[in-house]
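Let's start with one chain on its own, the form predicted alone, as structure tokens.
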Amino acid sequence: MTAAAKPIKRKNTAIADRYDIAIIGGGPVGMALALALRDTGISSVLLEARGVPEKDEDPRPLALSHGSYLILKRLGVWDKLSNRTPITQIHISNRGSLGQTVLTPEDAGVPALGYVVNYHDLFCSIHHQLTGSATDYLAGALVTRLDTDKNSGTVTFDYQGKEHQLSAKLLVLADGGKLAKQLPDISYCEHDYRQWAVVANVKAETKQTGTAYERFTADGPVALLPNLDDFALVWTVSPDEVKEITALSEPEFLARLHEHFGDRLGKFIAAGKRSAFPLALKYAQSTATQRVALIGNAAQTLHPVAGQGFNLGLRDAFELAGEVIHAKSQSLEIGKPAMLTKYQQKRQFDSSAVRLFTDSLIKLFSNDNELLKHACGLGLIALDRMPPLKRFVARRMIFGARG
């Protein structure tokens, strides 16, 4: 411990220099893990490089499954969300073929298939719940170095112009994966889909009625999610088109969207702020190593098709919390190889299955092969006419690979 590594004063509390768990990355998944560990007798600290955004700078919609609703309800976050639009039906179609299917809550045995929320609203709601508890939380702490040995992990970070250190029995990376590059046993598989997602809130002539639309095209899926009275758009486009589409005037953008999506909702009549980001598949071959566990985007980043990425990350956090709490209750040391192996084995099946599901959807449906297109259409027809299969698919979209 260096001379600069003194306890950090924050308001009326101090950040200690030793913890059971240090969580690096203060997005919704990292904060959810911190919330799941509160009042358990497990000491934890959360380090976030950025400050808290004061305004809504991220228009991304998040489709939360019913399973994620249950987790957020248990964490005390759900009732703090200002806008929660239920998904009462998912309509899936493939442009250029006759096949379609509709999933309903009855297919999965749940009251709603999921809910659409705004990313910024979710972030602020979890942040409010976290900072209202006794959790140690430090915003503006930029982690620069990770070190581990068989007994603990050490985090070196910059805060207010000074370098600090703290140690923990377990380091949890929820930062998106950048710091994992410092760990020799963690490597990633990556695939660039050569697609971008354009997101915006849009209004159509037909108001939303709880139906989420997932329409596959040769360029990639276009999703319209119920969002208050209107829709949250996630439009997959090619890299060559993304600059053109984001630069269109509002009337031109709405006309282009109508041409691409079809006439199911009538004309689109208004659009909010647009943003775009590239789409890739990235996943860690191992989500645990010596005194380190990976969750959320540090463990995997998926294509947004079927809205699985955040839900998978939230399950990472909740199941890791369960393993930590179990170790504590059995007087076992947190962060030991046996605990991390159990966490990794539990998550491997869910993560691999969801990754295969989303990747296969893109590879099967995002092409202009007429034979494959019609085969996919027939697959949607078969799914729509086989209730047991619909239940199987719906429950795994909602609760993960174990259904």
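We number the residues from 1 along the sequence you see. Remember, predicted model here, so these are calculated numbers, not experimental data.
Omitted from view is the form predicted together with a small molecule, to which the following refers.
Checked against the small molecule in the predicted complex, the candidates Cys124, Leu130, Val234, Leu254 yield a single residue with a heavy atom inside 4.5 Å, and that residue is Val234.
The listed set Ala197, Val324, Leu224, Leu113 contains one residue whose heavy atoms approach the small molecule in the predicted complex to within 4.5 Å, identified as Ala197. Partner contact region in the predicted complex: 23-31, out of 341-349, 356-364, 374-382, 23-31, criterion any non-hydrogen atom within 4.5 Å of the small molecule. The small molecule in the predicted complex is not approached by Ile71, whose heavy atoms all lie more than 4.5 angstroms from it. Shown alone here, Phe277 lies within 4.5 Å of the small molecule in the predicted complex, counting heavy atoms only. Heavy atoms of Gln308 reach within 4.5 Å of the small molecule in the predicted complex, making it an interface residue. Interface residue remark: Leu35 is not counted as part of the site for the small molecule in the predicted complex, having no heavy atom within 4.5 Å. Taken together, the three residues Leu62, Gly176 and Leu179 all lie with some non-hydrogen atom within 4.5 angstroms of the small molecule in the predicted complex.
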